[in-house]
Ligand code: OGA
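The chain that follows stands alone, in the form predicted on its own, written as structure tokens.
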Amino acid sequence: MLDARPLHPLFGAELSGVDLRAPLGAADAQAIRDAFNRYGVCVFHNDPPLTNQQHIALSYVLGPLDNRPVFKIAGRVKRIQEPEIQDVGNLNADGSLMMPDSRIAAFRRGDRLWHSDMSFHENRATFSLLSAHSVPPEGGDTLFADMRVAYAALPDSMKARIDGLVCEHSIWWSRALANYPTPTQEELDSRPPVHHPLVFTHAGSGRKTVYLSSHISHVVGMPMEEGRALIRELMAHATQPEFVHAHRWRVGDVVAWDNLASMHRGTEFADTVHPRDMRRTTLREHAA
């Protein structure tokens, strides 16, 4: 039986009572989805880590799974061959540590900005499931902020101002913010920008949420600097300390979060000294 222990006064829970390595029955799968919708961020502790096959099988039970290339990074050589798994660690294909001048390392630094996975795709991400295979002794935490909580705390005047607004999202905008090298034309063509509403009703909980991410380049139809100032103001509001939960990783942890109801970011660590092997599956709103 699934048990939930709250991790933060406003959102987040540690879940136990279900073996993620075994095939999930319909009742357990629904209980997990219900917990995701309620808490937004859910933590499972496992030892040892899930195998890639177990990770994939779990994800397919919970919803439509992303299993196609999302964008192109010039010169990238895959370390993990399963198409359902995104390699978001700091290891090269041969297992060595990425160096600071690596194009892939530069891309990964964008993960340290507040963001929602896949907001730059027309078929948005719902739940991400991140599995820890190795973690640094210090740093490399993941911070989470619930956007339903952030929306509810906005003054009525701001709610009225942002209702109906649409934003343009681009992976290459967030990477520019993180000082990624100028994208190649092949990279740009692999993932053009998309538009999404800034405010919508979260289907799983029925609560209104604000859809924020570092991938937002501008507000459609608003003067560029005015729109960007608005997004910065909303981001600062949504990531106030009282709205944030920090997860300190342990090997074997699986953390799942709802990208339509939260933002997250990684924190600094000695990434040229310590390996951080993190593997993610991403569920989508619709089957591809």
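Numbers follow the displayed sequence, beginning with 1. If you're wondering where the values come from, they're calculated on a predicted model, not measured in any experiment.
From this point on, the text means the form predicted in complex with this ligand, which you will not see here.
Item to check | in the predicted bound form, Tyr39 touching this ligand (heavy atom, 4.5 Å) | outcome: So Tyr39 does not count as contacting this ligand.
Checklist entry - With the cut-off set at 4.5 Å between non-hydrogen atoms, does Asp146 touch this ligand in the predicted bound form? => result Residue-level check for Asp146: no, no contact with this ligand.
Next on the checklist: Please determine whether Ile104 contacts this ligand in the predicted bound form, using a 4.5 Å cut-off between heavy atoms.
Outcome noted: Answer no; every heavy atom of Ile104 is more than 4.5 Å from this ligand in the predicted bound form.
Checklist entry - Can any non-hydrogen atom of Ser214 be found within 4.5 angstroms of this ligand in the predicted bound form? => result No, Ser214 is distant from the partner.
Next on the checklist: Looking at Val88, Val199, Ala178, Ala152 here, can you tell me which has any non-hydrogen atom within 4.5 angstroms of this ligand in the predicted bound form?
Outcome noted: Checked against the cut-off, the match is Val88.
Item to check | Position in contact with this ligand when the complex is considered in the predicted bound form, options Ser119, Ser174, Thr142, Thr209, heavy atoms within 4.5 Å | outcome: Of the candidates Ser119, Ser174, Thr142, Thr209, Thr142 is the one lying within 4.5 Å of this ligand in the predicted bound form.
Next on the checklist: Based on heavy atom distances of 4.5 Å or less, which listed stretch (134 to 142, 189 to 197, 158 to 166, 91 to 99) is in contact with this ligand in the predicted bound form?
Outcome noted: Of the options given, it is 134 to 142.
Item to check | Residues in 97 to 112 close to this ligand in the predicted bound form, defined by a heavy atom within 4.5 Å, in order | outcome: Read in sequence order, the lone residue that approaches this ligand (within 4.5 Å, in the predicted bound form) is Asp111.
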